[in-house]
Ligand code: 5GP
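In structure tokens, the next block holds one chain alone, the form predicted on its own.
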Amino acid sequence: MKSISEKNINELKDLIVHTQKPLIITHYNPDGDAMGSSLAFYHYLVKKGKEPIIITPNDYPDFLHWLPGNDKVIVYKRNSGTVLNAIKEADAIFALDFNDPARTEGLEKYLAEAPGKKVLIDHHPEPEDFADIVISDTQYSSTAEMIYHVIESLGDLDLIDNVIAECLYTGIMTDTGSFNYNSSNPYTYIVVSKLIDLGINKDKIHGNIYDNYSSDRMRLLGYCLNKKMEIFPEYHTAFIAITKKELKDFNFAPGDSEGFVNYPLSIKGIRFTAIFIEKDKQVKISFRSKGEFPANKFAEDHFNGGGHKNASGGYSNDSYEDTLKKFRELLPKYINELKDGM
């Protein structure tokens, strides 16, 4: 694993020494890695004698609310005044698990105007130029894994206790789909072994995340697999698409579609999957792939997105119907790439 530059570590160490009220922010629709890495870093800064504030642009799934420190998170959509004051008053801002301020969907203007020094810690490719200290590396499975390495590089491994370890393991586990993708680097498993050595109960964490859904979510999953999945065997592709009305019919809550995009990959011969979710003003999309097919390049070229080679996302401003039509019409152009490696 490539080490973090000595210059970055020295600058970060100096910043942490001199900051008193740092702010931690992650991306819109926070997932397990966003919350796991943010809360782990929150607890670390507390141990360093700081008074950190942790914010999210909007709510995140209930199955992440068990994480230690969840009660300290301030949600912008419910506490806009408090959050905007915190951004303005922060003497340092740590941007975790996103590479573009636009991913905060509404807070980018305030972040740009904030006087506090900004630090980016993220594992997504091609970060925007908005931070004073940039720690960015796509070799890492997750931002949570990066946080472990940052703390290690700062010489503070002794500060990682069971609480921080639980948060870090959650981030690594969820951003690799329980180690099914983005997890080929041996360093990932070295970190996981260190976290387990600290006494975390990985089975409990797995249960808290994956065995903690509502009955509505299970019914929605069954409905999607039975009624809403389209399969294109000639293109080794399958997708699921859900309308706003269907979300309402199943009492959709944030996080209910988590992991749906992975299910079609279990079908023999399928290498590329997608899920399309109709929102008020756009269609949100997630992509997954096997092998060498670059889901991130596909998302970037056609759906305003990006991410990792085998796990990426994007969106469409076209109608739900036109978005699906566009996706279907694109598949023949990729027939050779999708066939390779079968």
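As the structure is a computational prediction, the values presented were derived from the model and not from experiment. From 1 onward, residues are counted along the sequence shown.
The same protein also has a form predicted in complex with guanosine-5'-monophosphate, omitted here; what follows describes it.
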Subject >> Contact test, all of Gly32, Phe179 and His206, partner guanosine-5'-monophosphate in the model of the complex, heavy atom 4.5 Å >> reply: no
**OP:** Have a look at 50-58, 66-74, 279-287, 34-42 and name the one stretch with heavy atoms inside 4.5 Å of guanosine-5'-monophosphate in the model of the complex.
**Re:** 279-287
Original post:
Given that the partner is absent here, does Thr26 sit within 4.5 Å of guanosine-5'-monophosphate in the model of the complex, heavy atoms only?
Top reply: no
Original post:
With the partner left out of view, is Arg103 within 4.5 angstroms of guanosine-5'-monophosphate in the model of the complex by any non-hydrogen atom?
Top reply: yes
Original post:
Counting only non-hydrogen atoms and a 4.5 angstroms cut-off, does Lys118 reach guanosine-5'-monophosphate in the model of the complex?
Top reply: no
Original post:
With a 4.5 Å heavy atom cut-off, would you call Thr273 a contact of guanosine-5'-monophosphate in the model of the complex?
Top reply: no
Subject >> Heavy atom contacts to guanosine-5'-monophosphate in the model of the complex at 4.5 Å, residues of 309-338 in sequence order >> reply: Ala311, Ser312, Gly313, Gly314, Tyr315
